[in-house]
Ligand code: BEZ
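Form predicted alone, single chain, as structure tokens, below.
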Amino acid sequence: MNASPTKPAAGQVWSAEHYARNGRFVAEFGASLIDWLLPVVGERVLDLGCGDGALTEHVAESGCAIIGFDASQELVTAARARGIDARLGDGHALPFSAEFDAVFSNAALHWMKRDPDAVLRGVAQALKPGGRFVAEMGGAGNVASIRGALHEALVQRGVAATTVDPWYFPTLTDYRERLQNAGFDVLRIESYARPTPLPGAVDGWLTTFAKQFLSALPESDHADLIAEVREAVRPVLVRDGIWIADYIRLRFVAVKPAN
């Protein structure tokens, strides 16, 4: 999530209520990323793109001192309600210098589309020498069926879909190079398919995660766009009556050199 403190990322407006109802799987699937982070008592950890803090809470159970950081005021408020020290700000301009033993990020970096390299430079600056960066994000091909249907539906309505698409889903090779250019040593990086069951039809997913696409049209047209996308992807994403989104994830561990 990549916006200034007063404006959400790329036009994406977040609802804590919708996020909890339609996006709780984000934290549930992200829990395994904590095993890559291996936080310990007393460490200072930054959760970049903490959302409503559901996963941040789990990281904090290790006894580390964790700070949440997000561009959405509503999600920061929800995280604070969980007792998390959550800060509002722009992921492209992190205001930290050599403060953290680790930076953790789940399902957030792909929203930071404006300048991914600035994000990585900020993470490197925020870390102490020898600190680690552990993250998962959408990789190349993530939600390709949904994204393609959104693009097609908008183009048919005369909207240049690429101008409102808020997502950056890099290849493994691309992101490894970006990490290295930012000064990181990449210890582990992998891309994998993660078919993701949704809590209902794709409608809820669209209203939660694709608001930028919806905002390209008058509100009166949103229901028609959602219905068109739903029917376009139904043959691909519905299995035995369950909606399963075509997620592709990119996960890595990188370290800021000690010297």
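Numbers for residues come from their place in the sequence shown, where the first is 1. Bear in mind the structure is a predicted one, so any value in this text is a computation, not a measurement.
Beyond the structure shown, there is the form predicted together with benzoic acid, which is absent from this document and is the topic of what follows.
Point to revise | Candidate stretches 181-189, 162-170, 77-85, 123-131 - the one whose heavy atoms come within 4.5 Å of benzoic acid in the predicted complex | key: Among the candidates, contact is made by 162-170.
Exercise for review: Identify, from the list Ala149, Ala71, Val119, Ala107, the residue with a heavy atom within 4.5 Å of benzoic acid in the predicted complex.
Suggested key: Looking at the other structure, the residue within range turns out to be Ala107.
Check your understanding: Though only this chain appears here, would Tyr175 touch benzoic acid in the predicted complex if you measure heavy atom gaps against 4.5 Å?
Key -> It does not: once benzoic acid is placed as it appears in the predicted complex, Tyr175 has no heavy atom within 4.5 Å of it.
Check your understanding: Would Tyr247 sit within 4.5 Å of benzoic acid in the predicted complex, counting heavy atoms only?
Key -> The answer is yes: Tyr247 has a heavy atom within 4.5 Å of benzoic acid.
Check your understanding: So, in the predicted complex, is Phe100 in contact with benzoic acid at a 4.5 angstroms heavy atom limit?
Key -> No, no contact at 4.5 Å.
Review point. Could you tell me if Gly89 has a non-hydrogen atom within 4.5 Å of benzoic acid in the predicted complex?
Key: It does not: once benzoic acid is placed as it appears in the predicted complex, Gly89 has no heavy atom within 4.5 Å of it.
Exercise for review: Select from 204-231 the residues with a non-hydrogen atom within 4.5 Å of benzoic acid in the predicted complex and write them out in sequence order.
Suggested key: In sequence order, Trp205, Phe209 come within 4.5 Å of the partner.
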